[in-house]
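First comes one chain, alone, set out as structure tokens in the form predicted alone.
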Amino acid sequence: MTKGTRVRSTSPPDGGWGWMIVAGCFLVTICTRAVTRCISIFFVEFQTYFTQDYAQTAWIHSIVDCVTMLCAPLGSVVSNHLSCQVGIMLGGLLASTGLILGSFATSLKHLYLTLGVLTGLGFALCYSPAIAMVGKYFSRRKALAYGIAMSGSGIGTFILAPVVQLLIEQFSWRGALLILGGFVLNLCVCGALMRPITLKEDQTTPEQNHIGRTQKQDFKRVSPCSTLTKKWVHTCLGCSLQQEYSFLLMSDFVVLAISVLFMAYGCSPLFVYLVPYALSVGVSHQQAAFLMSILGVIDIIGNITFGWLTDRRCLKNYRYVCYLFAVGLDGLCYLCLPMLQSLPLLVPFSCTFGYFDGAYVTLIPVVTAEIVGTTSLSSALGVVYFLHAVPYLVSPPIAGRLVDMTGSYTAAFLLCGFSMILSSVLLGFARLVKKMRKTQLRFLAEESDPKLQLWTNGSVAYSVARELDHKDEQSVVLTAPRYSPTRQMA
């Protein structure tokens, strides 16, 4: 995308074409996250057709989620250096190809490569760039915009879950995968909506432009075969990447990253094992798929209402707390799940878990943007979703192994619940330590300078004593006798 076709703006427009960006991101989340969730509906079909155990079959969903998150930084790199449009369109083609080839699989290994690796790579090129683009178009209503965009995951799950079950019954799992492959091609349409925007904070200064032109001229003078050229290129690339990922050294981001590992471990297995668990306690196939639909539609309500609420003035400064609150409550829901063994009890669980799942999913990009800023949001989201990769890969097979060993889902669900609670506690403890450190520094500042009295109003501190001293100096200057030439002559 050339610079001439970019939309120039000094600040996020908070509307206008931004709502088309939200619509595009909404469709991206349907085609990526909702389709990934609906793969769990194929779980029993794959297990029966290929005669494999829980652990082996669970690897399919794990690989899709893992590759999607593992390659999220690749999606950010393509978006930053080419364009968001190119990345999403390319991702749509790869994801569709993986689903179509998966419909011809003759073993689980074929599904690992096609439905797992190829489709996951396509989703990776689409997901994080689309989410980052919403953050560039919105500032004041950022949480609401993200709530609407991320609700595509819930709406897609609500609609696709019964549709996929119907497709499996009518056309078998092969026909259902083939149709999903055609549906995912809509990602190419979503990519066309992602019009680039250049914000004021993204624009380079004249000095930076001069340095860039000088480096390009120096590069042209040097022979491309020389060793110095190679070293120069590696140095420039290293500096560019170091500047792009400088947020990795921020303590707040490190704490967020560690907590994401525990949160991602806990959230993934439910979407794999909710349907099999419901079937194991006597729920019918249609009712089990209906539980996934309920989870999806309540997820939508959580996305939008939590986004709207955290945009209100009373909660805008407490988005971080709201995020850890939602993660912790999802962990508590996990701990209660083994005691729920009938449809009337599983429906409230799906409602509660779905609501708070939608709540914290909406706040992930918002909290990340507050920590690293809008300029580094795309790269930071790539890293955050990259950290989801390993937990998404290992948690469903570990849960499946626990089910195979114990003969029940209790141990698997308890482990997931405690993992999410630990993620929430870690974030809360880090925030508490940070506040205590600020209080200690303020106390030390007051002791070192007795004349300094800090009155805190929000994030602004006023030094009353020094302000009074400054006013005294001005009054002395004003009352000093003025020099009069006529008086001197007299």
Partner chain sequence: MRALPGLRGLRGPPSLQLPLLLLCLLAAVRRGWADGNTTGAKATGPSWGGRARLGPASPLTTLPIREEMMTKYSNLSLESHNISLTASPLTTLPIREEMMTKYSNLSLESHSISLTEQSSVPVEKNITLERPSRIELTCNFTASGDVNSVNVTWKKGDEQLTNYCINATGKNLYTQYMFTIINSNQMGNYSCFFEEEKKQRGTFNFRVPEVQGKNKPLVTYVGDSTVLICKCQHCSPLNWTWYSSNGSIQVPVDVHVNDKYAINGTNANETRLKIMQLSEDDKGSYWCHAVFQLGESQMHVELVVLSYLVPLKPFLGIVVEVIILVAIILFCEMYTQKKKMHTDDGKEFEQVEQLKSDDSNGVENNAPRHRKSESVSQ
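Residue numbers count along the first chain shown, from 1. Remember, predicted model here, so these are calculated numbers, not experimental data.
In what follows, reference is made to the form predicted together with the partner chain, a form of this protein that is not presented.
In summary, the region of this chain contacting the partner chain in the predicted complex, judged by heavy atoms within 4.5 Å and restricted to 380 to 388, 98 to 106, 282 to 290, 357 to 365, corresponds to 98 to 106. For the chain shown alone, Lys316 is not a contact residue for the partner chain in the predicted complex, no non-hydrogen atom being within 4.5 angstroms.
At the 4.5 Å threshold, heavy atoms of Gln85 reach the partner chain in the predicted complex.
The partner chain in the predicted complex comes within 4.5 Å of no heavy atom belonging to Gln440. Proximity of Ser342 to the partner chain in the predicted complex: non-hydrogen atoms within 4.5 Å are absent; the residue sits far from the partner. Checked against the partner chain in the predicted complex, the residues Pro338, Pro348, Pro162, Pro196 give one hit for a heavy atom within 4.5 Å, which is Pro196.
The contact with the partner chain in the predicted complex, taken as any heavy atom within 4.5 Å, belongs to Met89 out of Leu144, Ile298, Ile398, Met89. For a residue to qualify, one of its non-hydrogen atoms must sit within 4.5 Å of the partner chain in the predicted complex; none of Leu402, Gly407 and Ala411 qualifies. In sequence order, Glu169, Gln170, Phe171, Ser172, Arg174, Gly175, Leu178, Ile179 are the residues of 162 to 180 having a heavy atom within 4.5 Å of the partner chain in the predicted complex; the partner itself is omitted from this view.
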